[in-house]
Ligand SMILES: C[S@@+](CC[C@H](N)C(=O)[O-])C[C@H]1O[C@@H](n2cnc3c(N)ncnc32)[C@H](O)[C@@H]1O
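To begin, one chain is listed below as structure tokens, in the form predicted alone.
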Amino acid sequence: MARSLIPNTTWSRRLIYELIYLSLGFNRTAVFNVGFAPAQPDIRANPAFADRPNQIQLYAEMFNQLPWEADHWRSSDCLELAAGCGAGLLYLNTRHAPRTSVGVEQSYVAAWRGRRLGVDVRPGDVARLSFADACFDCVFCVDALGYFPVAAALKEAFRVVRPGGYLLLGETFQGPPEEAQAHFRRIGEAAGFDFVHCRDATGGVRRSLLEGSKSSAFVRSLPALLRNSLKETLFLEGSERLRLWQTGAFSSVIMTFTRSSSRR
């Protein structure tokens, strides 16, 4: 797992995120993940996603791992951990139209922005979810495990997933894909999930980063102080993390887990 470069104390981490989301225009679907390229034409053509299409494409790649037809999607209930301002949920609703979709996010400003965009993002702690047992068919998290207590959050994910439901993780790892799979498989299985599949997404993520998606209008809109402090987190030109991606030191995987019907 790539180490978070956002300050690690609760108050400082929350402050940084509140400042980032406050600095953005409130009609924007800001997304912070590493992205995946190439983005589909329908994503690029959608005005809601046009400024960060690669980041939305990473959600598309993740959702494609589920063996669900359209009818199954429409009868499903989905939860995103660390949902930001809800761009991933907006894409999910646009593309798959689940029965319900909700996100949990530590930033109050991001949650408020998500509701303005028409998606259900609630401020909260992913390690202490305020949902009943077994009430979701899919829980997913994109490029965010380094920002919260992983073991506690995934145990909560297991608690709220219905038997037969899925956990999807899209994550960056400093090391080769084989080590990434082993690492995240251990984490998912420790929470009670059964491993289903690992997809190596490294090529698409590297292409996204090298296309300069992190130097988009979104990044340029941030105040200079935030841009400088987040240079490594956002893989900006000249950052050590971008150099490591260029040299093949990082990999990215999409992990699929299920809660077995026999697990209690």
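Note that this is a predicted model, so its numbers are computed, not measured. The first residue of the sequence shown is number 1, and the count goes up from there.
If you look for the form predicted in complex with this ligand, you will not find it shown, but the lines that follow are about it.
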**Q.** Heavy atom within 4.5 Å of this ligand in the predicted bound form - residue from 191, 109, 168, 82
**A.** 82
Q: Select, from the options 139 to 147, 70 to 78, 154 to 162, 175 to 183, the stretch whose residues sit within 4.5 angstroms of this ligand in the predicted bound form by heavy atom distance.
A: 139 to 147
Q. Does this ligand get within 4.5 angstroms of any non-hydrogen atom of residue 121 in the predicted bound form?
A. no
(Q) With a cut-off of 4.5 Å between heavy atoms, is residue 36 one of the residues that contacts this ligand in the predicted bound form? (A) no
Q: Spell out, yes or no, whether the shortest heavy atom distance between residue 32 and this ligand in the predicted bound form is within 4.5 Å.
A: yes
Q: Scan 124 to 138 and note down the residues that get a heavy atom within 4.5 Å of this ligand in the predicted bound form; none is a fine answer too.
A: 124, 125, 126
